[in-house]
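Okay, so here's just one chain, in structure tokens, the form predicted alone.
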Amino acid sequence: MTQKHLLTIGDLSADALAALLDDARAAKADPAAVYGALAGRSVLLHFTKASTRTRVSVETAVARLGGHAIFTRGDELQLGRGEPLADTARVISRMCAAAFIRTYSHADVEGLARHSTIPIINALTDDHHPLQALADLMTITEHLGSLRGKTLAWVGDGNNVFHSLAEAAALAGMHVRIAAPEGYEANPAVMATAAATAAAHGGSVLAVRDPALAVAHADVVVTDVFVSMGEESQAEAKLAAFRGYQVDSALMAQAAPTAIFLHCLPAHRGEEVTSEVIDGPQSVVWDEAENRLHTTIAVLRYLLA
């Protein structure tokens, strides 16, 4: 059997996505029921990028499954001294049940997966963030029910978080709209794939410039920081380009009355979102953050089944 990995949402079928979300809700409802799946086994967490939610959720997920998490930074493996990806993959495959990789280059997780006999899980690269997308969809189902036919509006940078969320929402049959300024659009290949996937499942994908047009009557409004990790030198230019893209109360008022607000965190209050929105009654960001734990448990159970 070919080893299953989770490098992008594209590694999942619509049925697998639905099953993962169901299992995550079950794990949340009864945490004790999942204990033991990783008893006596170790899971590697290799992070070359800083993290709060991803690290805490993965380590907690491994503990709840009865396993042991091994955390390493970029300079703590021989990868940092030039060991080939293939050699590292072969070694960790002999010792661990799975590996979470959080790094810059998406090619690195692909390289590890090619030579690994254990599941490799993308815990964030510059191109994709599938774990966040799963938590987002779980949160939407908790508050709004069925995903199919719902409209999700993204306001801001067409970045790695958006790429995975668009792919997941499309697979679930949602309508996805993104409002991004010129020069900060999502990857065209990702958009094309998401559009084709959405069409096959009763949804759609649309890119616009005007945030109000994207948000109009939307069921879900999502944003992310305008200046991501590693982009600090671009801060002045990016903040200038994103003027008018802040999610504030006036913009939220354009969405459906029952709309919810999502943000993967950390948030820069006063830049991409105002405090009155992220701390307001439509915000479900704390549920969203918690659900990173439950969807990670579901991912591990799915990949190790």
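The numbering used is simple: start at 1 and walk along the sequence shown. All values reported here derive from a predicted model rather than from experimental measurement.
Beyond what is shown, the protein has a form predicted in complex with phosphoric acid mono(formamide)ester (CP); the following relates to that form.
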item: Which of 201-209, 126-134, 143-151, 180-188 sits within 4.5 Å of phosphoric acid mono(formamide)ester (CP) in the predicted complex, heavy atom basis; value: 126-134
item: In the predicted complex, residue 51 touching phosphoric acid mono(formamide)ester (CP) (heavy atom, 4.5 Å); value: yes
item: 4.5 Å heavy atom contact, residue 265 and phosphoric acid mono(formamide)ester (CP) in the predicted complex; value: yes
item: is_contact(residue 102, phosphoric acid mono(formamide)ester (CP)) in the predicted complex, heavy atom dist at most 4.5 Å; value: yes
item: Phosphoric acid mono(formamide)ester (CP) contact at residue 294 in the predicted complex, heavy atom, 4.5 Å; value: no
item: Selected contact from 91, 229, 213, 235, since only one has a non-hydrogen atom within 4.5 angstroms of phosphoric acid mono(formamide)ester (CP) in the predicted complex; value: 229
item: In the predicted complex, residues of 68-97 near phosphoric acid mono(formamide)ester (CP) [heavy atom within 4.5 Å]; value: none
